[in-house]
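We begin with a single chain expressed as structure tokens, specifically the form predicted alone.
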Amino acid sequence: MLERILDFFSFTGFAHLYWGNVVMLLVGGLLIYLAIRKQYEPLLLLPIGFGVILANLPVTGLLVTGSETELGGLLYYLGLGVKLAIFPPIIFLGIGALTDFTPLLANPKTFFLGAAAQIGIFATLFGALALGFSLSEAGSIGIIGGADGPTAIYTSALLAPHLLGPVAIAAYSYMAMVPIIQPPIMRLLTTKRERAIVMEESRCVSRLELILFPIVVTVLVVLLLPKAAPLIGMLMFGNLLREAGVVERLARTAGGALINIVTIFLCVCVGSMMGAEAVLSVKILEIFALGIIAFAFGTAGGVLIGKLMCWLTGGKVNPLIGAAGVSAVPMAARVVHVEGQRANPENFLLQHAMGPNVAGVIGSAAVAGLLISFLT
């Protein structure tokens, strides 16, 4: 009887569980806690956290690689959408359908703030090189500074697939912590008087401009950076569906059911790449440290250029909106609005901050195309 019990135990996951799995199960639990209790990007961290748990339950077969003669595990096949860089462009399609570029078109100079915030990508790239990562790995890590999860996944899948899990977790985790990371940097680099600046109302944007914008951006950016075509193309196609006004069903599907379904699959698969054997190392801890540096530099770069624009315009631009240049949409814009109201309760910066915020989405995708072009 005892022998049968031991035989049964040898087939259970308990017999194959080791300390690394336990640590990662706790990490998965922490991500779920942050999603539910703290409401930090729950749509992302909840499925990622559960994916981490699934990846660290032994002998499930969920991640078994398929072959011509044997079927693979469920997460192996779902993960192909990540590894083959299919899911991120589809998510960009949905993001485009949900994005209103009116604030950017009403105040085109905020393009520069979205571009300035990408400094975090290059600062982190050089930091990763200094720590001994290869050039392609450094590019994969640097993209965390774009504060855009799908872009980070897409870039890592092409440049350094073995780092895809940690890079994606770092990108999404720090996106969720934008309200914690950004405010101290914003206050450090600006005065209360600058934060209290009330910006003028933006001009009205015509429907023709809104329709032409995604077409013109696609043509210009893709001609300049062909490798950015999957991200920029899908982002702008989704936006064209929104602004055309004649395909509302398609726009609703892209910005609703489709993006929700793909987000579930993407995030569970990203979490499932966080097996204990793959992530419990010094190098992975370095990636997480570089990730927070990337966000800090991106925020600082945007705010500093915002200060420059404030000076050039004679105090008409609130430098806080530069912090929204990181493409954590719309979280970064909300943080800017809150900080502005702390300095001046009559300050309403949300609409102004959305300009650099959506510019940051375009900027991070363009930089991703640049990195992929030079590093592959």
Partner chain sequence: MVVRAPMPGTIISVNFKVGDSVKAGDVLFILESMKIKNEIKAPQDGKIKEILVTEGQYVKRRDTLVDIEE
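Positions refer to the first chain, counted from 1. Computed from a predicted structure; not experimentally measured.
Just so it is clear, the following notes concern the form predicted in complex with the partner chain, a form of the same protein that is not shown.
Contact with the partner chain, judged by heavy atoms within 4.5 Å in the predicted complex, is confined among 310 to 318, 46 to 54, 330 to 338, 60 to 68 to 330 to 338. Contact annotation: of the candidates 134, 253, 202, 260, the single residue with a non-hydrogen atom within 4.5 angstroms of the partner chain in the predicted complex is 202. In the predicted complex, residue 350 approaches the partner chain with a heavy atom inside 4.5 Å. At a distance threshold of 4.5 angstroms between non-hydrogen atoms, residue 354 is in contact with the partner chain in the predicted complex.
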